[in-house]
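Here you get one chain, nothing else, as structure tokens; it is the form predicted on its own.
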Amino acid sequence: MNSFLSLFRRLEGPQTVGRGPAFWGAFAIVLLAALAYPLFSDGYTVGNTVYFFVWVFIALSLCLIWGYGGSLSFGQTAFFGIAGYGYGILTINFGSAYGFTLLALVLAVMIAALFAVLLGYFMFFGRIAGVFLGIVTLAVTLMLERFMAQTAGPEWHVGAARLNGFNGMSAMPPLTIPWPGEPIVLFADVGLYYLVLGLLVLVYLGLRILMNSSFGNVIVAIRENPERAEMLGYDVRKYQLITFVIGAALAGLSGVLYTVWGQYITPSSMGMTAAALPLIWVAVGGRSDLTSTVIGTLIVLAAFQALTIYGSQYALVFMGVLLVLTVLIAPNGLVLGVMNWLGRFASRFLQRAG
């Protein structure tokens, strides 16, 4: 009981914005609205909303690694693609019977995390930091994208799973939950919506607890001054590696859910554009806070999708301009700046009312 209360208290702390009844009341209202949303919408729109939620996981992974850990990584889409292809290979070869798709989801995320362990070990224990870490992760991402793009021939297969080069893999089975009588198949509809929403809430709350724990405090201390943290006796490389692996697992989860949602995965998911977009979402939201990252990602994604529909030639230009304006006007994040301003305004209002 005491351990549960300790975890509950860590939902609030110095490393996350938002506390008190007002914040959690707003959180409950938003969650209830999200739960009720499918009741007032059609299946296609609900399925499209799942697409937005899926990308929030990769944004949170970058928030953890870059915002809290101070390590700029272009490798999140590499872990995204590895897990997506891993899920496709496993399910195409072994099918969806007996709930194997759920096991495949876990295994694919573990494959992405294992790759992050190997890559992160050589980077962090090799003392690669700063801009060079970004260069290495970008190089690995583009290398994987180039490799997967040239696997179009029939000789490129893993068992029954053809890699298909630029066309990517398709026709992998959706998530299937064993159930008495008939299994529950989660297509891009209401069922998948509730599953992804539940996972998103759990990951968000779990990351709040993690970042407000002693581990989170050490990560932020390393970001601010790694030499001082090392002098205090912390193994900086170990903490950075653990953070990197957790972020990779979240990016991998995003990749698997994306593959489940669309039932396909292509090398372009690991391309330069795909690697840059999460950085823009996180920068606009506010890389040093989880809540602002979630809000910023959803807002920017909605704007980007609207532009791709009504003015596709301007979509990427808009994203570039948005990033430049964010860096010049609000380097800590536009959404985070607005949240801080609202917090100060509310405090002054309550003081005057009191």
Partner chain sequence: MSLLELRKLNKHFGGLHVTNGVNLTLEPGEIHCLIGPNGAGKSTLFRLILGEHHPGSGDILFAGENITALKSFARIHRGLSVKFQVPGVFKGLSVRQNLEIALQSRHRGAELDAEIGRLLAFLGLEAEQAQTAGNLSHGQKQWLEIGMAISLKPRLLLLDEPTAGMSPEETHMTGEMVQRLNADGMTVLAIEHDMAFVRQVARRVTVLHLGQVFAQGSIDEIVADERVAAIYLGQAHA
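In this text the structure is predicted, and so the values were computed from the model without any measurement. Residue numbers count along the first chain shown, from 1.
Keep in mind the form predicted in complex with its partner chain is missing from the figure; the text below concerns it.
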Does H157 make contact with its partner chain in the predicted bound form, using a 4.5 Å heavy atom cut-off? no
Report whether the minimum heavy atom distance between Y234 and its partner chain in the predicted bound form is within 4.5 Å. yes
R223 near its partner chain in the predicted bound form, any heavy atom under 4.5 Å? yes
Against its partner chain in the predicted bound form, would R228 count as a contact residue? Criterion: heavy atoms within 4.5 Å. yes
Quick one: from V136, V218, A275, I242, grab the residue that has a heavy atom within 4.5 Å of its partner chain in the predicted bound form. V218
Assert contact_stretch over 166-174, 100-108, 209-217, 249-257 against its partner chain in the predicted bound form, heavy atom within 4.5 Å, equals 209-217
Counting only non-hydrogen atoms and a 4.5 Å cut-off, give the residues of 6-20 close to its partner chain in the predicted bound form. P14, Q15
